[in-house]
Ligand SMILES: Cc1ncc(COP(=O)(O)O)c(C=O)c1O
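Okay, so here's just one chain, in structure tokens, the form predicted alone.
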């Protein structure tokens, strides 16, 4: 795992997390744990493939609708999740967020309410608000290390909604929806004729004994395939977000054709970036061992965060998440508002950590990214303790 301990200077690379931290936090002399990408290089196999592709020297228009692209995705789902999917279900999308917006427009042109669970990825609120979708939310709380969801409340919200927008694993709290959870969700959505759109971008970051199950796998057994869509990407797993590119898995062929029409004919975005295609195929066919090592490294970083805070600042607590690479830090025992916590972090510890308010969490939580060298994690924790002790 020494490859993940290597510190790489990202300053001067137009990096959102490092070069533009001032945009979000008002200061640029802080150690950032902000936007969700990794301070870790992509896999050696992908680097070699990208270098070879760059050496080719021509980056003209591309096609994504071919067996190499689709079979790489199919094989990844079979190997990692024991989930069979068909090539006719797969389509390219420039990003997960773009895919969500377009899928919503296909399945919900009347702009009926969208239901989702909080705390949640802040991008959900932005796109739904900007596209004039009314929303219904249900809060998932954390009590003594256990996540609770009021299923009756969820059913009430779903009965008033057209689409359920799922995040699996959930960003920011790392909850991985079990087969039992997904079965309940499908049962409720089937009862109330609700479409399910699942953002699975963190699907590969799941820690044993938890298991990630694509909702499409459960839907196949419940005769609900035509009403379920997965939107995800290889970019999070292999730290390639700036290359662009994601994909959709939609068994409803008619609806998928409508989406592809919008992609190519209305928005003229059907030519996928060449380096994205290369990186996805290489990652999914050659970088499985590297991925396993990365996941274990992130898991050990999460354990380190928990044990460090227990020793040095036990008023803060961390429940090791089932998935994602975020430490979801509970600051409620401090008894001070998040505005004061952030002021201390920025001005005493010189550290930038996202607060839970951004993710529709009313209790004082911090979302700390741990997909980085252990030295950075430890430095960040020292600054956190210095700020709040």
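Predicted, not measured: the structure shown is a model, and the values here were computed from it. Positions refer to the first chain, counted from 1.
Below: the form predicted in complex with this ligand, not depicted.
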Considering non-hydrogen atoms and a 4.5 Å limit, which listed residue (157, 194, 167, 128) is close to this ligand in the model of the complex?
167
Checking 201, 163, 316, 185 against this ligand in the model of the complex, the residue with a non-hydrogen atom inside 4.5 angstroms turns out to be 201
Counting only non-hydrogen atoms, which stretch in 264-272, 175-183, 215-223, 93-101 is within 4.5 Å of this ligand in the model of the complex?
93-101
Kindly confirm or deny that 207, 237 and 299 each have some heavy atom within 4.5 angstroms of this ligand in the model of the complex.
no
With the cut-off set at 4.5 Å between non-hydrogen atoms, does residue 342 touch this ligand in the model of the complex?
no
Would you check, heavy atoms only and a 4.5 Å threshold, whether residue 279 touches this ligand in the model of the complex?
no
Hey, in the model of the complex, does residue 36 get a heavy atom within 4.5 angstroms of this ligand?
yes
Between 112-142 and this ligand in the model of the complex, list the residues on our side with a heavy atom within 4.5 Å.
121
